[in-house]
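Taking the form predicted on its own, here's one chain by itself in C-alpha coordinates.
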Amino acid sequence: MKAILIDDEFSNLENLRTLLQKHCPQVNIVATAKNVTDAVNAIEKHLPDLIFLDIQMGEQTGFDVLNLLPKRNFEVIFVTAYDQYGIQAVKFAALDYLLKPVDIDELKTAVSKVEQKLVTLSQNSQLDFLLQQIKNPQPAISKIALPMQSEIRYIALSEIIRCEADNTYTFFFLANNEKLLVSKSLKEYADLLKPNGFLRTHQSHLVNPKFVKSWLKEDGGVLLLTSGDKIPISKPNKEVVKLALQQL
(Lines give C-alpha, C1' and ligand atoms only; values in the text may rest on other atoms or scores of the structure.)
Protein backbone atom coordinates (compact mmCIF):
# COMPACT_ATOMS: atom_id res chain seq x y z
CA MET A 1 0.00 0.00 0.00
CA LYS A 2 1.32 3.43 -0.93
CA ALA A 3 1.13 5.67 2.12
CA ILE A 4 1.72 9.32 3.03
CA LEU A 5 2.42 10.47 6.58
CA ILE A 6 1.10 13.92 7.55
CA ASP A 7 2.09 15.58 10.84
CA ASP A 8 3.41 19.02 11.70
CA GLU A 9 6.09 17.63 14.04
CA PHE A 10 9.18 15.98 12.54
CA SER A 11 9.69 13.68 15.54
CA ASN A 12 6.18 12.26 15.15
CA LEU A 13 6.76 11.62 11.45
CA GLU A 14 10.02 9.80 12.13
CA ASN A 15 8.53 7.75 14.96
CA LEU A 16 5.59 6.64 12.82
CA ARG A 17 7.89 5.90 9.88
CA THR A 18 10.06 3.68 12.10
CA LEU A 19 7.08 1.79 13.50
CA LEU A 20 5.61 1.18 10.05
CA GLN A 21 8.90 0.01 8.55
CA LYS A 22 9.44 -2.40 11.43
CA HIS A 23 5.95 -3.72 12.02
CA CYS A 24 3.93 -3.08 8.83
CA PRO A 25 6.12 -4.04 5.84
CA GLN A 26 3.07 -4.01 3.55
CA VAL A 27 3.06 -0.18 3.85
CA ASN A 28 5.26 1.68 1.37
CA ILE A 29 5.82 5.27 2.55
CA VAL A 30 6.03 7.41 -0.61
CA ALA A 31 5.99 10.88 1.02
CA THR A 32 5.64 12.87 4.22
CA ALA A 33 4.18 16.34 4.80
CA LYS A 34 4.23 18.82 7.68
CA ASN A 35 1.49 21.24 6.63
CA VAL A 36 -1.81 21.33 4.78
CA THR A 37 -0.44 22.68 1.47
CA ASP A 38 2.36 20.13 1.24
CA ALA A 39 -0.05 17.37 2.22
CA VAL A 40 -2.50 18.23 -0.57
CA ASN A 41 0.32 18.45 -3.11
CA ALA A 42 1.77 15.10 -2.03
CA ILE A 43 -1.61 13.36 -2.21
CA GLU A 44 -2.35 14.74 -5.68
CA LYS A 45 1.13 13.73 -6.88
CA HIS A 46 1.43 10.22 -5.42
CA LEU A 47 -2.24 9.10 -5.33
CA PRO A 48 -1.79 7.05 -2.14
CA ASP A 49 -3.87 4.12 -0.96
CA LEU A 50 -3.59 5.30 2.63
CA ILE A 51 -2.74 8.45 4.55
CA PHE A 52 -1.87 8.79 8.23
CA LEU A 53 -3.34 12.17 9.10
CA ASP A 54 -2.65 14.27 12.20
CA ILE A 55 -5.79 16.12 13.28
CA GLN A 56 -4.27 19.24 14.83
CA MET A 57 -1.52 20.91 12.76
CA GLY A 58 -0.80 24.37 14.13
CA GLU A 59 -3.58 26.73 13.09
CA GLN A 60 -5.02 24.17 10.67
CA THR A 61 -6.34 20.63 10.91
CA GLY A 62 -6.24 17.37 9.03
CA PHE A 63 -9.86 18.01 8.08
CA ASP A 64 -8.62 21.03 6.08
CA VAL A 65 -6.51 18.65 4.00
CA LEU A 66 -9.53 16.51 3.19
CA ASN A 67 -11.73 19.52 2.38
CA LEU A 68 -9.19 20.81 -0.16
CA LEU A 69 -9.16 17.58 -2.16
CA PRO A 70 -11.78 17.20 -4.92
CA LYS A 71 -11.34 13.41 -4.83
CA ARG A 72 -10.57 11.28 -1.79
CA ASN A 73 -9.78 7.88 -3.26
CA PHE A 74 -7.78 6.65 -0.30
CA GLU A 75 -8.16 5.31 3.21
CA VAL A 76 -7.38 7.44 6.27
CA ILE A 77 -6.03 6.57 9.69
CA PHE A 78 -6.21 9.64 11.91
CA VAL A 79 -3.43 10.23 14.43
CA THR A 80 -3.85 12.64 17.33
CA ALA A 81 -2.52 13.49 20.77
CA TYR A 82 -5.97 14.46 22.02
CA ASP A 83 -9.24 12.60 22.51
CA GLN A 84 -11.13 15.69 21.39
CA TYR A 85 -14.40 16.53 19.60
CA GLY A 86 -12.73 15.81 16.27
CA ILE A 87 -12.11 12.26 17.40
CA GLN A 88 -15.76 11.93 18.44
CA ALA A 89 -16.74 12.80 14.87
CA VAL A 90 -14.20 10.26 13.57
CA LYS A 91 -15.72 7.58 15.81
CA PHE A 92 -19.26 8.38 14.66
CA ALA A 93 -18.04 7.99 11.06
CA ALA A 94 -16.62 4.53 11.94
CA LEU A 95 -13.14 5.60 10.84
CA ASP A 96 -9.91 4.45 12.44
CA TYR A 97 -7.71 6.60 14.64
CA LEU A 98 -4.58 6.24 16.76
CA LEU A 99 -3.71 8.21 19.88
CA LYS A 100 -0.13 9.38 20.38
CA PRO A 101 2.14 7.81 21.45
CA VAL A 102 1.15 5.21 18.87
CA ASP A 103 0.63 1.71 20.24
CA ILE A 104 2.21 -0.97 18.02
CA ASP A 105 -0.65 -3.45 18.27
CA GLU A 106 -3.24 -0.75 17.53
CA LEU A 107 -1.18 0.37 14.54
CA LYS A 108 -0.97 -3.16 13.14
CA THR A 109 -4.71 -3.66 13.66
CA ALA A 110 -5.58 -0.37 11.92
CA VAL A 111 -3.34 -1.17 8.93
CA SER A 112 -4.83 -4.66 8.66
CA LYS A 113 -8.36 -3.23 8.62
CA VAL A 114 -7.35 -0.84 5.83
CA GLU A 115 -6.07 -3.77 3.77
CA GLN A 116 -9.46 -5.44 4.08
CA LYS A 117 -11.34 -2.25 3.21
CA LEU A 118 -9.28 -1.69 0.07
CA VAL A 119 -10.52 -5.04 -1.19
CA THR A 120 -14.17 -4.80 -0.15
CA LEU A 121 -15.38 -1.23 0.38
CA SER A 122 -14.92 2.36 -0.68
CA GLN A 123 -14.14 4.73 2.19
CA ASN A 124 -15.20 7.89 0.35
CA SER A 125 -18.72 7.91 1.78
CA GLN A 126 -17.35 7.73 5.33
CA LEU A 127 -14.99 10.66 4.71
CA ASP A 128 -17.82 12.69 3.17
CA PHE A 129 -19.99 11.86 6.17
CA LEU A 130 -17.20 12.90 8.56
CA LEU A 131 -16.65 16.26 6.85
CA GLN A 132 -20.37 17.03 6.97
CA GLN A 133 -20.33 16.38 10.73
CA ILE A 134 -17.27 18.59 11.24
CA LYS A 135 -18.96 21.49 9.43
CA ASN A 136 -21.60 21.61 12.16
CA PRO A 137 -20.49 24.44 14.48
CA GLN A 138 -22.15 22.78 17.46
CA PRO A 139 -20.71 19.60 19.02
CA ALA A 140 -23.99 17.81 18.34
CA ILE A 141 -23.82 14.75 16.13
CA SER A 142 -27.13 13.57 14.70
CA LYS A 143 -26.10 10.52 12.65
CA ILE A 144 -23.79 7.55 13.02
CA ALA A 145 -22.06 5.24 10.53
CA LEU A 146 -22.60 1.55 11.23
CA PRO A 147 -20.10 -0.86 9.63
CA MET A 148 -21.91 -4.01 8.50
CA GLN A 149 -20.65 -7.04 6.60
CA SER A 150 -21.39 -5.72 3.12
CA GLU A 151 -22.08 -2.00 3.60
CA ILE A 152 -21.79 1.09 5.77
CA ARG A 153 -25.18 2.30 6.95
CA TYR A 154 -25.76 5.93 8.05
CA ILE A 155 -28.46 6.10 10.70
CA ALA A 156 -30.02 9.07 12.50
CA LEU A 157 -29.61 8.73 16.26
CA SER A 158 -33.28 9.60 16.63
CA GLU A 159 -34.19 6.41 14.71
CA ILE A 160 -32.32 4.05 17.06
CA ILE A 161 -34.68 2.45 19.58
CA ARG A 162 -32.09 0.35 21.37
CA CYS A 163 -28.86 -1.64 21.07
CA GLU A 164 -28.21 -5.14 22.34
CA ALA A 165 -24.90 -6.95 22.80
CA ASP A 166 -24.19 -10.14 20.86
CA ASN A 167 -20.74 -11.22 22.05
CA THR A 168 -18.33 -8.78 20.34
CA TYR A 169 -21.08 -7.59 17.96
CA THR A 170 -24.05 -5.28 18.52
CA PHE A 171 -27.64 -5.47 17.28
CA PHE A 172 -29.28 -2.13 16.46
CA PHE A 173 -33.09 -2.04 16.60
CA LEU A 174 -34.53 0.83 14.52
CA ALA A 175 -37.85 2.66 14.48
CA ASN A 176 -38.62 1.27 10.99
CA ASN A 177 -38.48 -2.28 12.46
CA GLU A 178 -35.06 -3.03 10.98
CA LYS A 179 -32.54 -5.03 13.01
CA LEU A 180 -28.90 -4.48 12.06
CA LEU A 181 -25.89 -6.52 13.17
CA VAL A 182 -22.80 -4.32 13.53
CA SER A 183 -19.23 -5.53 13.96
CA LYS A 184 -18.36 -3.56 17.09
CA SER A 185 -19.00 -4.15 20.78
CA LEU A 186 -21.81 -2.61 22.80
CA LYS A 187 -19.26 -0.94 25.07
CA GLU A 188 -17.92 1.10 22.13
CA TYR A 189 -21.42 2.28 21.25
CA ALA A 190 -22.30 2.96 24.87
CA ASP A 191 -19.25 5.22 25.16
CA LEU A 192 -20.27 7.01 21.96
CA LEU A 193 -23.98 7.35 22.57
CA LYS A 194 -24.27 8.03 26.31
CA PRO A 195 -23.27 11.70 25.78
CA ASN A 196 -26.25 11.85 23.39
CA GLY A 197 -28.65 10.71 26.11
CA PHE A 198 -28.69 6.96 25.54
CA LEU A 199 -29.04 4.89 28.73
CA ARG A 200 -26.98 1.82 29.61
CA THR A 201 -29.65 -0.11 31.50
CA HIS A 202 -27.80 -3.40 31.63
CA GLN A 203 -24.51 -4.99 30.58
CA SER A 204 -26.20 -6.14 27.37
CA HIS A 205 -28.58 -3.24 26.69
CA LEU A 206 -28.44 0.39 25.61
CA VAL A 207 -31.71 2.33 25.23
CA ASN A 208 -32.81 5.56 23.56
CA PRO A 209 -35.01 7.18 26.26
CA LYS A 210 -37.15 8.73 23.52
CA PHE A 211 -38.72 5.28 23.09
CA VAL A 212 -39.30 4.47 26.77
CA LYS A 213 -43.02 4.03 27.46
CA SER A 214 -42.98 3.05 31.14
CA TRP A 215 -41.03 1.56 34.02
CA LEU A 216 -42.48 -1.80 35.02
CA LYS A 217 -41.96 -2.96 38.59
CA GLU A 218 -41.65 -6.62 37.59
CA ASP A 219 -38.34 -8.46 38.05
CA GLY A 220 -36.87 -5.62 40.07
CA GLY A 221 -37.32 -3.09 37.27
CA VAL A 222 -37.94 -3.36 33.52
CA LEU A 223 -38.32 -0.69 30.84
CA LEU A 224 -41.24 -1.12 28.47
CA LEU A 225 -40.46 0.50 25.12
CA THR A 226 -42.91 1.85 22.55
CA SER A 227 -41.86 -1.07 20.34
CA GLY A 228 -43.23 -3.48 22.94
CA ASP A 229 -39.78 -4.72 23.96
CA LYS A 230 -39.05 -5.18 27.65
CA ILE A 231 -35.50 -4.24 28.65
CA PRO A 232 -34.01 -5.32 32.00
CA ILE A 233 -32.40 -2.84 34.37
CA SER A 234 -29.49 -4.14 36.39
CA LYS A 235 -29.11 -3.14 40.04
CA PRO A 236 -25.90 -1.07 39.48
CA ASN A 237 -27.68 0.98 36.77
CA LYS A 238 -31.07 1.39 38.41
CA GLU A 239 -30.58 4.76 40.14
CA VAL A 240 -28.80 6.33 37.15
CA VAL A 241 -31.55 5.20 34.78
CA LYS A 242 -34.31 6.35 37.13
CA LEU A 243 -32.75 9.79 37.53
CA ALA A 244 -32.22 10.20 33.79
CA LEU A 245 -35.84 9.32 33.04
CA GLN A 246 -37.11 11.76 35.67
CA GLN A 247 -35.20 14.55 33.92
CA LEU A 248 -36.74 13.94 30.49
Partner chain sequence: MKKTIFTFLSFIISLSIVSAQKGIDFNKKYAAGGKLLMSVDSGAKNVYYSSIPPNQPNTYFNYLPEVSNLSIQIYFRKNINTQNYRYTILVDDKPLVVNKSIDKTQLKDVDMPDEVFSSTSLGTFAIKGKIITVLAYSIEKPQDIEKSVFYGKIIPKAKITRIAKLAVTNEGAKYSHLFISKSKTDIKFSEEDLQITVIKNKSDIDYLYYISIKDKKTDETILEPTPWQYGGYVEKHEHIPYLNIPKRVFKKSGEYEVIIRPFIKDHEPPKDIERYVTRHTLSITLEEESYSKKDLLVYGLIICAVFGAIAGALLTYVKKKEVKKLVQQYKEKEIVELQLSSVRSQLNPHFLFNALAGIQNLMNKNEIDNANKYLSKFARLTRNVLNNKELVSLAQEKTLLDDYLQMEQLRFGFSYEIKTNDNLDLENIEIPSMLLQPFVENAVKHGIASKNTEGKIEIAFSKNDNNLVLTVADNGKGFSADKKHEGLGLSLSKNRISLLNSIYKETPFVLAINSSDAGTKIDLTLTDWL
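Numbering follows the first chain given and starts at 1. Owing to the predicted nature of the structure, the values given are computational and were not obtained by experimental measurement.
As for the form predicted in complex with the partner chain, it is not shown, yet the points below apply to it.
- Although the partner is absent here, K187 sits close enough that one of its heavy atoms falls within 4.5 Å of the partner chain in the predicted complex.
- Under a 4.5 angstroms non-hydrogen atom cutoff, the partner chain in the predicted complex has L19 among its neighbouring residues.
- Though the partner is left out of this view, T168 does reach within 4.5 Å of the partner chain in the predicted complex, counting heavy atoms only.
- Although the partner is absent here, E14 sits far enough away that none of its heavy atoms falls within 4.5 Å of the partner chain in the predicted complex.
- For the residues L157, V102, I134, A175, the 4.5 Å heavy atom test against the partner chain in the predicted complex is passed only by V102.
- Taking a 4.5 Å heavy atom cutoff to the partner chain in the predicted complex, the contact residue among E115, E106, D96, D128 is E106.
- Contact here is defined as any heavy atom lying within 4.5 Å of the partner chain in the predicted complex, and by that definition each of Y82, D191 and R200 is a contact residue.
- Residues of 34-65 are not found to place any heavy atom within 4.5 Å of the partner chain in the predicted complex.
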